[in-house]
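Heads up, the chain below is alone and in the form predicted alone; it's given as structure tokens.
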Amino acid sequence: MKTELNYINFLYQTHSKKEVTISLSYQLFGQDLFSAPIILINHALTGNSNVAGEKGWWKQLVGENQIIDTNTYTVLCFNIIGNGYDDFLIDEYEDFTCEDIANIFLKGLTILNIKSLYALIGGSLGGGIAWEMIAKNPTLTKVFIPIACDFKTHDWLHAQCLVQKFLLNQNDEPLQKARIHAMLCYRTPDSLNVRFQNRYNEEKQCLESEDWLVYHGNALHQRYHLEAYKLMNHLLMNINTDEKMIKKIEAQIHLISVDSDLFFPAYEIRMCYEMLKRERRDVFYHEIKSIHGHDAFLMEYKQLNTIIKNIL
């Protein structure tokens, strides 16, 4: 499965009052637009619009005869502007907030003449943006599935993003070092300890866990832009959906957490569930069981497939 990047161009004024020409890129998978129910998927921090196909980052869930079946649905995925996948980068990244990205995605839907969705799905940062979108347009979708995320950035996550910001703004291998730190937040002590068990790599003269972390730092450096990482970290640091508007959402809501998540702890997502449950009946809570932490939503496909199959 291969689809080309498409572009929507328009003028946008940011929350900080900057006028910016936006070139919003996106990909479509599956059925032709308006011939089938539309599912919008918001990608995570270092993800992109290539959600399905041979190199799709979620190909275990999205594709022909997968749970999100491209024989049944039209699947749409926007690139978060400035993620570099379409070669567009943003230098003054602090001009943008998650609210801005939500507004830009909603504008993209309007220009495409998409008035409603069957499902809106977002993981991690993509889920935070999805919260902002649906709070602004409570009738946007029939089903809302935020995965491993909350409607706001809490203190612990903000603190980790602050460390990321410090690392990204220094001169010595900033992206590699930030990624190494991030991997320790995406995973858990159990995940690393069980996998590596203090094994030592004689050839490289270091622990295998150290070699694994360095590999991930270098791999991201080779495929990702420093400017894009700064922007994405800034957005993750500043998710702040209007809580009053959340209570007006008309969609059926399915919150999915990871029991060992260090970024968006499961108890925080359960608190969100309890808050919504006091207001309505059509809100549901699901939990992925894993030792792997936040990244489990990109690893525990059997569990996630089962959860999403029962929802859709």
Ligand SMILES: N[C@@H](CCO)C(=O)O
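In this text, all values refer to a predicted model and were calculated from it rather than measured experimentally. Each residue number is its position in the shown sequence, starting from 1.
Another form exists, predicted together with the named molecule; not displayed. Remarks below refer to it.
Note on contacts: among 46, 27, 70, 260, the single residue with a heavy atom within 4.5 Å of the named molecule in the model of the complex is 46. For residue 298, a non-hydrogen atom is located within 4.5 Å of the named molecule in the model of the complex, even though that partner is not displayed. Remark: residue 164 does not count among the residues lining the named molecule in the model of the complex, judged by a heavy atom distance of 4.5 Å or less.
Not displayed here, the named molecule is approached by residue 186 to within 4.5 Å at the level of heavy atoms in the model of the complex. Using a 4.5 angstroms limit between non-hydrogen atoms, residue 124 touches the named molecule in the model of the complex. The stretch from 243-251, 270-278, 28-36, 46-54 that comes within 4.5 Å of the named molecule in the model of the complex, counting heavy atoms only, is 46-54. Along 190-213, not one residue places a heavy atom within 4.5 Å of the named molecule in the model of the complex.
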